[in-house]
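Just one chain is shown here, as structure tokens, and it is the form predicted on its own.
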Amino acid sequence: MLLNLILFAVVILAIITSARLLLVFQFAAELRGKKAHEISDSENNMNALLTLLSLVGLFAMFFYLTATYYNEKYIPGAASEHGVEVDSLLNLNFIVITLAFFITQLLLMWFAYKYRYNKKRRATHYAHNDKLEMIWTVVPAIVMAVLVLKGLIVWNHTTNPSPDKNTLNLELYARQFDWTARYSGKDNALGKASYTMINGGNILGLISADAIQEQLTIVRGDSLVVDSTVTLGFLPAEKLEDEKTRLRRLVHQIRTVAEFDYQFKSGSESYAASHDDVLVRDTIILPVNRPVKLHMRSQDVIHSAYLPHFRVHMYCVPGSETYFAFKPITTTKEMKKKLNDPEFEYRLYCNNICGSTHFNMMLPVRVVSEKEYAAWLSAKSTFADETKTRLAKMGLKSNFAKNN
């Protein structure tokens, strides 16, 4: 706080000092019999020369920043198949922008120097030049058309990859302020989910016979407690209305979950796909050279799944499911060796400000061989196992054998 006050005082003093210096220069000019706003030829020539020389500093800074930051250390090569195309498109854009930068800055500074004010020279009226105007309109239009066409080709290839039966289905579930990854298991199919199934143990709201039994037990218990509170009516009017609203929501939730139960018992829905799903909240493991389809959902606000090294970026929207497919081509071990950084690791970030601790919403990602991935996945407990354990703690019997 004290340092901020000192810095504020320094800035104020600098402004006051600058203002006083301007007054000194003004008084000095008046003593020499010169108007304060009048600029001499020598001053004009000096400003024009300095403008031209500023190109040296401008271009030097450009080359320095490019050499320092546009390299593997800060922008590692793409670790996904489509990322190579994205980088190629980015490099093409940089080439065009760099050429435009050098041409426009050279012309700008040269014109400022060459056509500086001169009392002996008068400006010539030059209305227009059809040929010149055609050139500076058509050339940028052609360049933009090429960039847009190239961008559309890359975009279509990225968002519409060729179907592959070996594609890994993986869900990213976002909520303030963490990620949960759900693997599709041996059947490579993600089970169904509903927000009405969400509870402390089933944070993704997955649907299975055991999960339905667990949720009905929890919600019915909560509704009995709230119903008793409302019936007794000991609460203040405002809180009583809140409890009545809560009770209506619980009743609606019971009906919805009971409908899932009816569908299962009537045989119209098995919900078997969720049994072998695997939930992970510490590190995402991906097999190299295998297509991955990310299914993304959000529980609360809009989040953004961002995997910079794989050139993956997609919003996670509440009440909707978004997708992104990519193929990792570089293992974590290979990237560590390539960057000569033993501490390197891929990361999943939230790239959309979603609340107070948004900065902490990240998850490590590790790319391994197919063999390592299979061994890791087989060692993880499934959603059916976790639900069965929770039911046992509640004194309930699992229905897993029936619906398997």
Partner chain sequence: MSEQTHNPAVDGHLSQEVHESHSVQHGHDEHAHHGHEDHGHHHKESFITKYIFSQDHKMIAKQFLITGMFMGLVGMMLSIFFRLQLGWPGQSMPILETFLGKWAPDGVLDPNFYLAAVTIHGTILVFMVLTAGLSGTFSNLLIPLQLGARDMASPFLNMLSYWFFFLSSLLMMTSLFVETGPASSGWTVYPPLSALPEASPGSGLGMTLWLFSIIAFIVSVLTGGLNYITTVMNLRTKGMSMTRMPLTVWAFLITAILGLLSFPVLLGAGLLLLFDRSMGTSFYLSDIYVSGQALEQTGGSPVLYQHLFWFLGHPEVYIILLPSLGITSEVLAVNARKPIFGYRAMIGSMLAIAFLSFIVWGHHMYVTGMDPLLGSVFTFTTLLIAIPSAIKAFNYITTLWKGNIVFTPGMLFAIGVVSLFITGGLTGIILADSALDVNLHHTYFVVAHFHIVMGVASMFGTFAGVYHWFPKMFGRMMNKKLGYLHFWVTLISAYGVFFPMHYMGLAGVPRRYYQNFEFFSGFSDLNMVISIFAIVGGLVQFVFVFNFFYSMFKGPKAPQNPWNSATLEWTTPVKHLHGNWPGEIPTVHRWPYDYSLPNGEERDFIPQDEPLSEKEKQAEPAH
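Keep in mind that this is a model prediction, so the values were computed, not measured. Residue numbers count along the first chain shown, from 1. By rigid core we mean the largest C-alpha set that fits within 1.5 Å across both forms.
Omitted here: the form predicted together with its partner chain. The next part is about that form.
- Listed residues Thr231, Asn166, Thr137, Ser162 were compared with its partner chain in the predicted complex; Thr137 is the one with a heavy atom within 4.5 Å.
- For the options His295, Arg290, Arg246, Lys333, the residue carrying a heavy atom within 4.5 angstroms of its partner chain in the predicted complex is Arg246.
- Using a 4.5 angstroms heavy atom cutoff to its partner chain in the predicted complex, all of Thr51, Thr66 and Tyr115 count as contacting.
- A residue is said to contact a partner when one of its heavy atoms sits within 4.5 Å of a partner heavy atom; Phe324 meets this definition for its partner chain in the predicted complex.
- Residue contact with its partner chain in the predicted complex: Arg311 places a heavy atom within 4.5 Å of it.
- For Ile212, no non-hydrogen atom is located within 4.5 Å of its partner chain in the predicted complex, even though that partner is not displayed.
- Using a 4.5 Å cutoff between non-hydrogen atoms, Pro236 does not count as a contact of its partner chain in the predicted complex.
- Stretch-level contact analysis of 280 to 288, 267 to 275, 246 to 254, 180 to 188 against its partner chain in the predicted complex, using heavy atoms and a 4.5 Å limit, identifies 246 to 254.
- Heavy atoms closer than or equal to 4.5 Å to its partner chain in the predicted complex belong, across 100 to 118, to the residues Ala100, Phe101, Thr104, Gln105, Leu107, Leu108, Met109, Phe111, Ala112, Tyr115, Arg116, Tyr117, Asn118, ordered by sequence position.
- In the core-superposed comparison between the shown form and the other one, Glu243 has its Cα shifted by at least 2 Å.
- With the core superposed, Met46 shows a C-alpha displacement of at least 2 Å between the shown form and the other one.
- In the core-superposed comparison between the shown form and the other one, Thr17 has its Cα shifted by at least 2 Å.
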